[in-house]
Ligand SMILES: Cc1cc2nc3c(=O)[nH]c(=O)nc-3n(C[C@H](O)[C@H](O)[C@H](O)COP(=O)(O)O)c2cc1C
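Heads up, the chain below is alone and in the form predicted on its own; it's given as structure tokens.
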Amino acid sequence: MAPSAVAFDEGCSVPEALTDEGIDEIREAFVQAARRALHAGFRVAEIHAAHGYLLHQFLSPLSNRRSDRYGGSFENRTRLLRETVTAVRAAWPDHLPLLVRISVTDWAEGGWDTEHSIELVRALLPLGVDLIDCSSAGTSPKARIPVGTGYQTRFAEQIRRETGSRTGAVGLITSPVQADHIIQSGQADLVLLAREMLRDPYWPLRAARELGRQTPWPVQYLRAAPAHTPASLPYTAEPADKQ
């Protein structure tokens, strides 16, 4: 299913364009997912509208060729995301954060771009969005992406500066010093890690050690913590085989 019957690339399957009824079902599915997450104990929810997933497909003119109220103009292409945010915010408690992840640019001619994102964020803030997670790309196989260390951080900084929204920075942020600099310099309010946490699940403890800070150990790990106390502890332990 997609906004329009447009294949991602040559050789890819042609999706079926969603009907109005199908769009209603998608919106409700997001609401039900938020309710399940809340029941399961999650305290933060994020609506994923980036990376070529369905909501991003509606935003981008590269993938959205509709001529109804969900296609064509900027207002129409952003309608489903705005409706979804409104519906999820109504189901998600006001005191818990709601994030939205967007691809700030498609990195492709004629696609979604930074100016579109700025306008979108300005429309989302009054709907109860607490932070914009700023990533990029996903709708075009021809995207020309200048991948490098922290290459998307400037999007978080620009969105933050021009809209007043809190933002999260992502993308090849690997070192504690780098992440700390992003926050300290005001480029973003939050750094989100993915692949680096897969490579090093103890990254927060390493970051605390390198930055001279303290961080709580998970209770399940306290037996391995230095001094074995339940308080917040710096990560200064010798390897387990030397203790």
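Residue positions are given as counts along the sequence shown, with the first one as 1. Model, not experiment: these values are computed from the prediction.
Just so you know, the form predicted together with this ligand exists too; it's not on screen, but the next bit is about it.
Enquirer: Could you tell me if all three of 34, 84 and 98 have a heavy atom no more than 4.5 Å from this ligand in the predicted bound form?
Expert: No residue of the spot touches this ligand in the predicted bound form.
Enquirer: Would you kindly say which of 213, 69, 65, 48 lies with a heavy atom within 4.5 Å of this ligand in the predicted bound form?
Expert: That would be 48.
Enquirer: This ligand isn't shown here, but in the predicted bound form which of 177, 40, 198, 29 has a heavy atom within 4.5 Å of it?
Expert: Only one listed residue qualifies here, and that residue is 198.
Enquirer: Does residue 171 reach this ligand in the predicted bound form if we count a contact as any heavy atom within 4.5 Å?
Expert: Contact with this ligand, yes.
Enquirer: Answer with yes or no whether residue 193 is in contact with this ligand in the predicted bound form, where contact means some heavy atom within 4.5 Å.
Expert: Yes, contact at 4.5 Å.
Enquirer: Answer with yes or no whether residue 53 is in contact with this ligand in the predicted bound form, where contact means some heavy atom within 4.5 Å.
Expert: Residue 53: yes, in contact with this ligand in the predicted bound form.
Enquirer: Decide whether residue 135 counts as a contact residue for this ligand in the predicted bound form under a heavy atom distance cut-off of 4.5 Å.
Expert: Result yes; residue 135 sits at the interface with this ligand in the predicted bound form.
Enquirer: Would you mind picking out the stretch of 104-112, 163-171, 120-128, 89-97 that comes within 4.5 angstroms of this ligand in the predicted bound form, counting non-hydrogen atoms?
Expert: The contacting stretch is 163-171.
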